[in-house]
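One chain follows as structure tokens, the form predicted alone.
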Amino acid sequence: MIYKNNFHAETQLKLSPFFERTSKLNESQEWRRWSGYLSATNYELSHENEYFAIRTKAALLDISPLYKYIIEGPDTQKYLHRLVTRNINICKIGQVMYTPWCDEDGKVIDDGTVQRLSENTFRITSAEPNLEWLQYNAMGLNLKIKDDSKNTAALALQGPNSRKILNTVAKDSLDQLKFFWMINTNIKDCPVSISRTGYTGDLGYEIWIDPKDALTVWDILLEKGKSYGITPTGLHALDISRIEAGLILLDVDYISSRHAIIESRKSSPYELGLGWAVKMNKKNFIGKKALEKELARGPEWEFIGIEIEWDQLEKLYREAGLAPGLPSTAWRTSTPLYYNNQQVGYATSGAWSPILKKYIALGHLKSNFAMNGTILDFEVKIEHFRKLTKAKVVKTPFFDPKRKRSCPK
């Protein structure tokens, strides 16, 4: 009986601290499982308004399902410096660093952010559970690791009006908060940390909150943000915006090396477009030796953006007697890419970009074919038949507004 009860507790869906609000607002009642939590795919019957809130107003997203770990103690900086590929020794208090971390073969396990909360205290976020890996590599060091996932609620406020809204509710102005930095402040009587980070490629912030204050902060943001167009937003709109921003998604654009069944499913940071986050001048970090060899010979694969060219795609549909078919939501299926009838890669996720008016996708290409401007053939299915249409390799991010990094003068 004890075993059954424990099993049930582990397998039942968890509810976010904001669920009391999100469940009532979700008109569509469409949900997706995210790290064991119920997460709204869209609140309205269509995600279109939520997408445009990200790009033209302000979108409010519940990101509490992120895994969050607090690491503290005298050896924490030394430990994280060895664990991840970024140079944690230059990370200042109040700074946030995005980074992957690898196994000994230089293959990516996960990616996330490292926040320096104080001299010897850091928070690390991840897409998948990483507690066992973190603990395994901390043996013999003077530090403590705590799974903080349930103890910290989190919201993302993203879009061009996000700063204006936070400036109306927060005790301290965010005008001078730089990209990938954070401050501690209050929203009404609720202590919060606000980081200038996000997963949309736009001006945006993430708010880290004690769960007991979660509903209060949610209500204040919706009330004060009404005149700025604040809109509760789900995962469908988020997926389109992160593709436009060229941001990778675990289990979609790459597979963790811990879960890959065969070697060819694993990816290094260089193969994921994250070479900029690998600091080879560090004395040592997990995977460095393997990555040095890869850097010397060059990566076999590159992570790229592609634009599916419109004219030929439209022609293929017209020949079948159909209007052009475009995905209404982002897709997450492996789709072959060809060069001269030879498969040279595959797209991993794609979407019609409403703001760019382009059909875009992310994918993996063999390095010899990954130059910007290379014309490929992209596989589409039209009325049960597989067809090939032209696609061009382009630089990512597809969408990169100046407001994402700039501060008001």
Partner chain sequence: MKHYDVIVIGSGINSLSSAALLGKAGKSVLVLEARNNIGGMASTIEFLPGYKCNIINDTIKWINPKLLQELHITSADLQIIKPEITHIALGENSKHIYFHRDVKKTANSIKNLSEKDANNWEDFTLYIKKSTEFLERLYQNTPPKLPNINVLEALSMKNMLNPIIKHGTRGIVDLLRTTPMMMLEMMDEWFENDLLRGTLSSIGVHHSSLGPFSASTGYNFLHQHLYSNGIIHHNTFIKGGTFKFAKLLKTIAESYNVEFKINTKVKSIKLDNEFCKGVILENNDEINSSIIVSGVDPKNTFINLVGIPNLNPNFHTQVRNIKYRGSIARMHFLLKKLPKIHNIPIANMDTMFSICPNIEYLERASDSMKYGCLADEPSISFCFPTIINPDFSSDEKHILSSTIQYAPYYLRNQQWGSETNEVLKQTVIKTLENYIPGFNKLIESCTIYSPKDLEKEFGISEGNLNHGEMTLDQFMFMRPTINTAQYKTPFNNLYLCGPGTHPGGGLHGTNALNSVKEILKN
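Only a predicted model underlies this, so the values are computations on that prediction, with no experimental measurement involved. Residue numbers count along the first chain shown, from 1.
Here the subject shifts to the form predicted together with the partner chain, a form of this protein not shown in this document.
- Checked against the partner chain in the predicted complex, the candidates 215, 322, 141, 295 yield a single residue with a heavy atom inside 4.5 Å, and that residue is 141.
- 286 is the sole member of 117, 247, 286, 255 with a non-hydrogen atom within 4.5 Å of the partner chain in the predicted complex.
- Here the chain stands by itself, but in the predicted complex one stretch of 133 to 141, 180 to 188, 89 to 97, 207 to 215, 133 to 141, has heavy atoms within 4.5 Å of the partner chain.
- At the 4.5 Å threshold, heavy atoms of residue 251 stay clear of the partner chain in the predicted complex, well away from it.
- Although the partner is absent here, residue 81 is not a contact residue: none of its heavy atoms lies within 4.5 angstroms of the partner chain in the predicted complex.
- Proximity of residue 104 to the partner chain in the predicted complex: non-hydrogen atoms within 4.5 Å are present.
- For the partner-free chain shown, nothing in 49 to 80 comes within 4.5 angstroms of the partner chain in the predicted complex, judged by any non-hydrogen atom.
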